[in-house]
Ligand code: NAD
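In the block that follows, a single chain appears as structure tokens, in the form predicted on its own.
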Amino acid sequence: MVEIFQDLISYGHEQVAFFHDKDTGLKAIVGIHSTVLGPALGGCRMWNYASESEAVRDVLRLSRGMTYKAAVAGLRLGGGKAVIIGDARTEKSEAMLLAFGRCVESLGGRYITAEDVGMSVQDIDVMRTQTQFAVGGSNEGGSGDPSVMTAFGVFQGMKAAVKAAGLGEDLNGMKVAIQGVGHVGYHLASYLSAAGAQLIVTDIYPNQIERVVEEFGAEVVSADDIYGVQCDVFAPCALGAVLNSRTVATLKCKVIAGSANNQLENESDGFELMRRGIVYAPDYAINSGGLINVAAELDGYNKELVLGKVSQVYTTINNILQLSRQENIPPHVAADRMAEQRLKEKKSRGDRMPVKA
């Protein structure tokens, strides 16, 4: 327990709640990092963690990231995340989802859940029968699958990043290497293909590769070879920690702009990218389109308004990269400063956004 509280102090969390339901086997953890800007919104991830301590650290890390994502995106939301320990393919049940929905409801609106790894839009629909604090469903008032909007935001942010790298803003003819062409990666490939970009892709699932090859004429490389591809833009859209001491040394791109969370394995990797002259669009800033999409449900969903807000990811990335150049600091540090400044200003005013009941 001492270790857990030390992590809470380190990450700066307000609350961590543990839930267990004997009948369904539910073991869930909800991390509420900050409610300074508003209720803590973030997805629920179901994963077969190797240990309970690993699950705790994951929820702490992810919920903190959501605070920064919401702050940089200019949303009136805090950061939260939930994890359910278990194999989503074999252990998830409707009864478990109903139980988790009741757990979310018991937090009284301090935490709002949504889909994440191991969860679907349909799962959110089930949760919504038990709680008013769930977004991203397909039933009445739901915004549905956020991956299209996430990809659209990445596409907009990528244009700002290539411009900052001195490559212009037109993606026509540019070579973009996409790591992972699942939900978000596929939609990003669609936007890029329509813009005239040349695609180089990899994925661990052959059927997903076949789809982008057939539809967009993408070139395919192995999972290990994607890092060393000669390209203009590298777009990580799969796992985290892919930018590390081993991979950064092999990169032959000018820009990194992708949807994956926690792309930097260590802070030092961001400094190394800067040293090598590679423009990095910080992950939680460029992939905020999905959050913007589900957050819109709280005020009544309007797709056209959401598209306009997600388009502003271009401006967000442009502002981050401008600050990076002006202060001679890596973009990930610039993004953190912008997020922390907004939180600081809100705290100094002493008021907090009300939680909707």
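Whichever C-alpha set is largest while still superposing within 1.5 Å between the two forms counts as the rigid core. The shown structure was predicted, so the numbers you read here are calculated from the model rather than taken from an experiment. Heads up: residue numbers just count along the shown sequence, starting at 1.
Omitted from view is the form predicted together with this ligand, to which the following refers.
Looking at 80 to 88, 95 to 103, 130 to 138, 195 to 203, the stretch with residues near this ligand in the model of the complex, meaning non-hydrogen atoms within 4.5 angstroms, turns out to be 195 to 203.
Gly270 falls outside the set of residues with a heavy atom inside 4.5 Å of this ligand in the model of the complex. At a distance threshold of 4.5 angstroms between non-hydrogen atoms, Gly173 is out of contact with this ligand in the model of the complex. By the criterion of a heavy atom within 4.5 Å, Val184 is counted among the residues contacting this ligand in the model of the complex.
With a 4.5 Å cutoff on heavy atoms, Thr113 does not count as touching this ligand in the model of the complex; it lies far away. Cys237 is the sole member of Cys237, Cys231, Ala73, Met119 with a non-hydrogen atom within 4.5 Å of this ligand in the model of the complex.
For the three marked residues, Pro146, Ala260 and Asn287, a heavy atom of each sits within 4.5 Å of this ligand in the model of the complex. Of all the residues from 212 to 230, the single one having a non-hydrogen atom no more than 4.5 Å from this ligand in the model of the complex is Ala223. In the core-superposed comparison between this form and the one not shown, Val213 has its Cα shifted by less than 2 Å. Relative to the superposed core, Ala249 undergoes a C-alpha shift smaller than 2 Å between this form and the one not shown.
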